[in-house]
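There is one chain below, alone, in structure tokens, taken in the form predicted alone.
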């Protein structure tokens, strides 16, 4: 193992057996003996990477890509089918918070119990007890049985115990989503404090912004394979390409196929570049066009066309409709296209989806709606976080001179 590394993963693979039949009697067990009643599922295939001491590396990928399995193998919870994991230093994992809690015991007793499972000496727990309880914000409830805790209180206590171990290596699996925004900010501050103290962190989050904010490098997993490793920004770009590819395949399957006879339907939604070409990516700040193709069974003069853009977390970042634009189209029977031209689209880099709807004017009733009809990527030059990408100028002023950047 390299002296500069805290984690080394060499050719790691993990296989699970998926059973589709279960014997319910001794006779069935005898009859099915030596007969394969399961299929092999490789959750991880030949994963190979390292994490340097004091480095924070992210693991990103879609649901089912193998992220949690990888973390459990590194943490020693699962044994790899092949390959090896090498670690240097004390390790603490934030995977399933409060997994060792006993509901009949008090919060106080569970702090000591959970800490013992993490290998923390009783003397150390006693010294840090007040700090743990204060971090979890449970001062008034610590002597109550945890079976009366809310789910938020439960995971806050689990996080507080694990985070106060002060390990050499910390493994984090999507736990910064616990609690309210204030507690999430507190958790992130604690993570940053550990980074400053030289803790090595392996980090999983479904938030691309958070991954770029916290990690220096990241690994991208797809169906158990490692498809990219590099700087966090580049890894997120690779992850977004995977999402777009899958969303394009899934778009039509998300439509309502009930066979309901509608007066007018949305047939397709596409993003077009300033030159009129259908594209799946566009530069931040450039103009764009959202084209909604429809099919009408009869003439209509009360249609309101709506387009929306949402980011990958589901937040609507743009919306427009023909009513607000004081445009009142008369629809004839047959197929047509209505185009929304956006002069500038200053969105931050990332994956976005376009929604479209046709509504009956003066009501909240939709003739038809097509959510996530079109998936595309915004290309931004910087590594900014947030929703918008806009030019910024910085000026440093001192008492004697001014320096412009």
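Quick caveat: nothing in here was measured; it's all calculated off a predicted structure. Numbering follows the first chain given and starts at 1.
A second form of this protein, the form predicted in complex with a small molecule, is not displayed here; the remarks below concern that form.
Peer 1: Wondering, does residue 18 line up within 4.5 Å of the small molecule in the predicted complex on heavy atoms?
Peer 2: Close contact exists here: in the predicted complex, residue 18 approaches the small molecule to within 4.5 Å, heavy atoms only.
Peer 1: Within a 4.5 Å heavy atom cut-off, is residue 206 in contact with the small molecule in the predicted complex?
Peer 2: So residue 206 counts as contacting the small molecule.
Peer 1: Wondering, does residue 68 line up within 4.5 Å of the small molecule in the predicted complex on heavy atoms?
Peer 2: Output for residue 68 is yes: heavy atoms within 4.5 Å of the small molecule.
Peer 1: Counting only non-hydrogen atoms and a 4.5 angstroms cut-off, does residue 369 reach the small molecule in the predicted complex?
Peer 2: Heavy-atom contact with the small molecule at 4.5 Å: absent for residue 369.
Peer 1: Tell me, out of 380, 353, 51, 43, which residue has a non-hydrogen atom within 4.5 angstroms of the small molecule in the predicted complex.
Peer 2: Among 380, 353, 51, 43, a heavy atom within 4.5 Å of the small molecule in the predicted complex occurs only for 43.
Peer 1: Could you work out which of 241, 137, 174, 312 is the residue within 4.5 angstroms of the small molecule in the predicted complex, going by heavy atoms?
Peer 2: Spelling it out, the residue with a heavy atom inside the cut-off is 174.
Peer 1: Name the stretch: of 353 to 361, 369 to 377, 338 to 346, 56 to 64, exactly one has residues whose heavy atoms fall within 4.5 Å of the small molecule in the predicted complex.
Peer 2: It is 56 to 64 that comes within 4.5 Å of the partner.
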